[in-house]
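This document starts with two versions of one protein chain, written out as structure tokens and named structure 1 and structure 2.
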Structure 1
Amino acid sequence: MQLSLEYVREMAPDENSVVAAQKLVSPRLWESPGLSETALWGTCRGGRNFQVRVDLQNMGYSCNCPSRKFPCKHVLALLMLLATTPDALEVSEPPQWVREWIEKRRQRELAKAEKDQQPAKPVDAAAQAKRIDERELKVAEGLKQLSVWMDDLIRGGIAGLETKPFTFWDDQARRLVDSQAKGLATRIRNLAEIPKSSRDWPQRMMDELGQTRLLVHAYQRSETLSSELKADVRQLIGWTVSQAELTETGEVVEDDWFIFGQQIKDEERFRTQRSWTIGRKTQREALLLQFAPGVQGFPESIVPGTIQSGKLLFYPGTVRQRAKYQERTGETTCSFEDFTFGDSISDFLNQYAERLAQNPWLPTCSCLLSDVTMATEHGQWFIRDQEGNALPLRMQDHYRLLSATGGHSFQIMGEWNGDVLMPLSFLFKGQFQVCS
């Protein structure tokens, strides 16, 4: 298998992991490292021995070390060993502990595929309808309570909200969780971060409260919405899309998908990975979400800067932004120039407005612009197009972008939230670089 050191480094969660892994890239530190067509394995020697396994079919990995970084330094080191000194690995049949792991993975994948292909189990329609009705009632009750709470809040005014403790927001969010409206609960919990966060926080608070109330209103009248918008609203409230529903209403798009940005966020009990990608032929944007509970790694290996051929399954909705891999046929090599970048901020904002018209609660969208330069005014940093129009940048790491580009034009790839652009990566003189 051809594996580059660069690819392995891109897989690393941070630079320290790369440094730590490099120290383990020595055949003498590995006990019987091996390679087969399907797997890569080895036992890393140390105070404790750690068993490392990599599924070469989809780059899934496993290590029994207690690290909370994914992939851990042992997995990275084994992959680096393969990339740098493949001769150190004995080509053989996988040992039992690897075989069993691979078999289990295959069984899971098979079961999942079978489940996907099989006609849905005969469900007890009456019981299912009852469950849905019960949940609908719970959600409706929760939303009613939320409306009353918001009415009380705006009647009293938002001027004193900066003195409210976190529990003021969290208690209401917990009530919504009890009502099975987790999406709304997260929205309410996020409101706690607004007071005193900036000079214009009252305006932001008013906007967020208004949009949340608008969402509640839309849900309460969902029978008047189009099926796509209804799907958006239900997902925003907290309804999940079942596999059957996804298969039925989702859209499959085959393309070469360029992963141009990634963020990993630690939540309370799990981590969320958000990867932005764009198709070469279709120019469709997609947001790939992955969740990993506890110390587990993400199910799929998604590396920024790579171009993956395959099929994406888009979730139902108006804008059809969220997607998941349905099939991966491998990494492809094509020029970054094959991907279309916008060249006008004005056009980009118009496209954004069109998307908002479809889904007024659209939280973010991707933004790919070419021929932009850095600019600054009154302490705020922007990217500026050739027409002189500008988008404000999130105040973080703009110096690295400024330093790398030197005020010359470059191509930016980022995430726009309606207020600021968060740069995720950029192309400068044909070189792809992640903003970190």
Structure 2
Amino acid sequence: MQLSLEYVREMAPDENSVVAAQKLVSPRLWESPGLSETALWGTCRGGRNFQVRVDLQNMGYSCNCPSRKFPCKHVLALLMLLATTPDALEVSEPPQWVREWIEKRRQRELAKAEKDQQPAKPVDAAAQAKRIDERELKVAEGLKQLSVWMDDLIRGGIAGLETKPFTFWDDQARRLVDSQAKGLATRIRNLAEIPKSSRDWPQRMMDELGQTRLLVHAYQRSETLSSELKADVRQLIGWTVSQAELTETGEVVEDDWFIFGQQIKDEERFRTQRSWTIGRKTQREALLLQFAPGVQGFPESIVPGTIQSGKLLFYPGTVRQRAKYQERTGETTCSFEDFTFGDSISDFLNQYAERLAQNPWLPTCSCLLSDVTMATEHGQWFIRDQEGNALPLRMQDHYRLLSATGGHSFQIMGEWNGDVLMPLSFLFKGQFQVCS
């Protein structure tokens, strides 16, 4: 298995874990490190010896150290050893303690798959309907209060919003949380970041307020919407899709999936992982979301730059973008060159416009373009295609991307929010690299 240090860094819970792991990347600190088609293992020497195991089929891992960070420094160090010094690993059959762990993982995966295929247990329909009705009343009251608040805000004008404290937005968001409209609460909190963030912030504020008002209006008239658009609106308000509903209305797509980008964002009490992927045969793009409380690890290991065969289950909606793994069958032998990228920025923007026509609240979408170069004008960086069209970039280190590509054309993969492109990774001369 080919692995780079960039992949390993993306797996780390924080930069301190990376620094700690780098101190353990030495063959002399590992006892009997080994590698097979299915597993990677080794015992890290120290005050105590810790056994480390990695399932190469889905990048699951295990270490018997007491660390509360996932993956711990020992797992990261063993992966770094594979990336930097693969000859230090003996290619052999896994020892018993690794085989037993792998077998238990396969049994759990099989049991989970069988459980997912079993019909759901009968529910108390009357009690469920009562809970839904009670929540509908709470949400309706919350939206009514929000509409009054927004109308007052617009009548008073937005000129003084840059002087408002965060509590001005947070108090309203908390009321929406109490009304069980968490999705709307997040939108209101995000409004607090707009004032004074750029020269055109008043226009951006009006756009966001207009979209929020439109969302409230759509929810209040949800009986007139199509089933797909209704599903979009309810999810944006804060309703979750149950497993039964997802199984019934979701779409299963089997393909070889290239994980081309990932972001991890720290919220108040949990972390969110956003991973973008594209299918080799179907060219379907998908957003995989995972959530983890505190510093705990995410349920599944999803590593940028890897290509995995399997089935994705897409959530209901007009633009079926969000998905989750239904089945993972391991890495494939295909390469990055087997995936198709767009050649024209104008074609991409036309596709984006079509998606917005279906879902006007679409926050972001993926963007994959080939044969682009970097350009700058008046301090703003862009990517430019062969037709001369350009998209503005937003990233921390533009010069790193410029130096890595040397001013030559490359393939870029990122996330577009309608205003700017946030690069997530790029391919240059067949080499995959994560953007900083």
Partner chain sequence: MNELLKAALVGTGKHPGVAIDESNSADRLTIADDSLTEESRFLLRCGRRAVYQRAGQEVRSVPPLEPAPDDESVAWSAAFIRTMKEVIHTDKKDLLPEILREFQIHGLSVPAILLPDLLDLTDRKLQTAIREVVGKRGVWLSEFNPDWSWLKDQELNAEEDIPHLEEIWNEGTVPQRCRALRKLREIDAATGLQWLQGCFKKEKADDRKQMLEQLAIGLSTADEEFLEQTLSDRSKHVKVTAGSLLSQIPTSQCAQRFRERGQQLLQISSGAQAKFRLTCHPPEELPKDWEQDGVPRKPPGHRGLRALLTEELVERVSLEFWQEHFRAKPVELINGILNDDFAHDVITGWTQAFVKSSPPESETSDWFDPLWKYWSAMMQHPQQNVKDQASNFLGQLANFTDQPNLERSIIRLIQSQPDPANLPIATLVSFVPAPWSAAFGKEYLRVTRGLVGSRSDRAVYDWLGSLSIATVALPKECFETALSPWKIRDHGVPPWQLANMERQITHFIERIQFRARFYREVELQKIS
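Only the largest set of C-alpha atoms that superpose within 1.5 Å between the two forms is called the rigid core. Numbers follow structure 1, counted from its first residue as 1. On a predicted model such as this, the values are computed, not experimentally measured, just so you know.
Practice task
Structure 1 or 2, which would you say is the form predicted on its own?
Solution key: Comparing the pair, one sees that structure 2 is the form predicted on its own and the remaining one is not.
Handout entry: residue 83 C-alpha moves between the two structures by 2 Å or more, core aligned
Key = It does shift by 2 Å or more.
Handout entry: Large Cα shift (2 Å or above) at residue 96 between the two structures, core-fitted
Key = True for residue 96: a C-alpha shift of 2 Å or more.
Problem - CA of residue 135, rigid core aligned, shift of 2 Å or more between the two structures - result: False for residue 135: its C-alpha shift is below 2 Å.
Problem - For residue 11, CA displacement between the two structures after the core is overlaid, in Å - result: So the C-alpha of residue 11 has moved 3.3 Å between the two structures.
Exercise for the section: Give me the C-alpha shift of residue 35 between the two structures, core superposed, in Å. Expected result: Taking the core as reference, the C-alpha of residue 35 is shifted 9.9 Å.
Practice task
Align on the rigid core first, then pass along the CA displacement of residue 44 between the two structures in angstrom.
Solution key: Residue shift at the C-alpha: 5.4 Å.
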